[in-house]
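Taking the form predicted on its own, here's one chain by itself in structure tokens.
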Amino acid sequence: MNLKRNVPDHDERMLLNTPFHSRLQKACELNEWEEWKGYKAPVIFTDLAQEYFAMRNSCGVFDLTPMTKYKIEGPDATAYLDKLMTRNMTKQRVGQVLYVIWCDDEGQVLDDGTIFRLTDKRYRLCSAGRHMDWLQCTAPGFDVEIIDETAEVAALAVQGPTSCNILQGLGWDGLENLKPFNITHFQFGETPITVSRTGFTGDLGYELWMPPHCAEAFWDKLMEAGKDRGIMPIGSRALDMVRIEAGFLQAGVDFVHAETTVRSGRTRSPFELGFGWLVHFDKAHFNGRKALYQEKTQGSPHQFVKLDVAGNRPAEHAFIYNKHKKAVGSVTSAVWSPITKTNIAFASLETPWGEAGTELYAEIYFLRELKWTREMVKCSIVEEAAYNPVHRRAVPARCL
């Protein structure tokens, strides 16, 4: 087992800049930033509505560089990941991306992320949180090298209906034939760039992974290629809107990392988050297997649901009540969807109140002219995401 941390030296009190920062700073007219895993990240550039509709009608570009990235390599890399993840990792092909979750010994979710199988013995694990300590604890006995390569890989999400056309403008012929959750490679001058058909928007889109030294030059070429197809940089606020529309959960928002919680009952299992399809009992062992198998046979104490909320006021942080006026859960994420004209919420509910057809109400407070108003608004449980266009999965990709 070999473990390395490649993190740039810096004053821990200062935020790092990504390799795209000079371009982001120039475009960020509102100068609104936030901290993202030690990096300075834009919240909004110019106008929330413009950024939102860029991803839905044309193309939005989001700087993914702060996302934690681990290179996992060695003869035992597959066996190691198969023990770590709840999903059967032996079935992943080279050039394929899998969505995964991993749990502690109690079957509680530590985090979710994506795993890229780059070669037969080399993987890249991407996640919102930092997990080197946990990766280290589970690595003894495996011939595997784990390297934190976050600072060594610059990344962009290029998302929206015109994304394929824009990238083709860089001379990337054949990109339209890339299947969802697959990987390919293109050249930018002398520099190889890895391209995956993945994203957090629920639309046609790609994620690009490159060495930091070419980041600024690539940004300039990308913006030039997309200037006639509505390309624009987008911040975290617009991205949050589209990921809720697409039905995607966010770590730290819709669930908390089991490794960092201090209060009993605040963690969630894969089954409680609707991720039972990611738990594969057809393999011999993985972290949390015994606890998860027991939960599968006995039932889960909580259910995660998508809600269609009456009215147009987002049910942010609302309590959810049953027909007997008893609080049975709370909202974790909420948004009014401009493109689907629906009021969406995610909620974690006590079992059995997450069953389809259950009569539920959201307690919403809003301020109007210095007066707070409380409304009990009816909610309906829905199975599908509010936004799920056909062109998201089409092969060849629809080019606009």
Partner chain sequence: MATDTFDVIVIGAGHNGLVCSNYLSRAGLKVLVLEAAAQAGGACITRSFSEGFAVSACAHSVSQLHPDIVGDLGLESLGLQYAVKNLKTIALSEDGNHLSILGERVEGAQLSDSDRQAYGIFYNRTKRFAAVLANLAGKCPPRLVEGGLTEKLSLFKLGLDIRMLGKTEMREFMRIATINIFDVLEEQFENPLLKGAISFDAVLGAHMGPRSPNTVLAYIHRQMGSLFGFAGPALPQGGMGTVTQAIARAAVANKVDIRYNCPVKEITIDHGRAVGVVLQDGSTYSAAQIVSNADPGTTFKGLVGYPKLDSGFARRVENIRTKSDCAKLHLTLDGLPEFTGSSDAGQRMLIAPDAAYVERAFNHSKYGEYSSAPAMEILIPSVHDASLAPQGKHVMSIIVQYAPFMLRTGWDTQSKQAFTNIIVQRLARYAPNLPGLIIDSELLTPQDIEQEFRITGGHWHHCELALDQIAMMRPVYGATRYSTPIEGLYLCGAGCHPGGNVMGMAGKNSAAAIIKGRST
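As the structure is a prediction and not an experimental result, all values here were calculated from the model. Residue numbers count along the first chain shown, from 1.
Note that the form predicted together with its partner chain isn't included here; everything after this is about it.
When contacts are defined as a non-hydrogen atom within 4.5 Å, all of D133, C137 and R289 contact its partner chain in the predicted complex. Heavy atoms of E190 never reach within 4.5 Å of its partner chain in the predicted complex, leaving it off the interface. Its partner chain in the predicted complex comes within 4.5 Å of no heavy atom belonging to W277. K227 falls outside the set of residues with a heavy atom inside 4.5 Å of its partner chain in the predicted complex. Contact check for G141: a non-hydrogen atom falls within 4.5 Å of its partner chain in the predicted complex. This chain is displayed alone, yet in the predicted complex one of H185, H285, K325, H317 has a heavy atom within 4.5 Å of its partner chain; that residue is H285.
Interface residue among D173, D120, D220, D105 relative to its partner chain in the predicted complex, by the heavy atom within 4.5 Å criterion: D105.
Picking from 85-93, 277-285, 242-250, 165-173 the stretch near its partner chain in the predicted complex, with a 4.5 Å limit on heavy atoms, gives 277-285. Counting a residue when any of its non-hydrogen atoms is within 4.5 Å of its partner chain in the predicted complex, there are no hits in 190-227.
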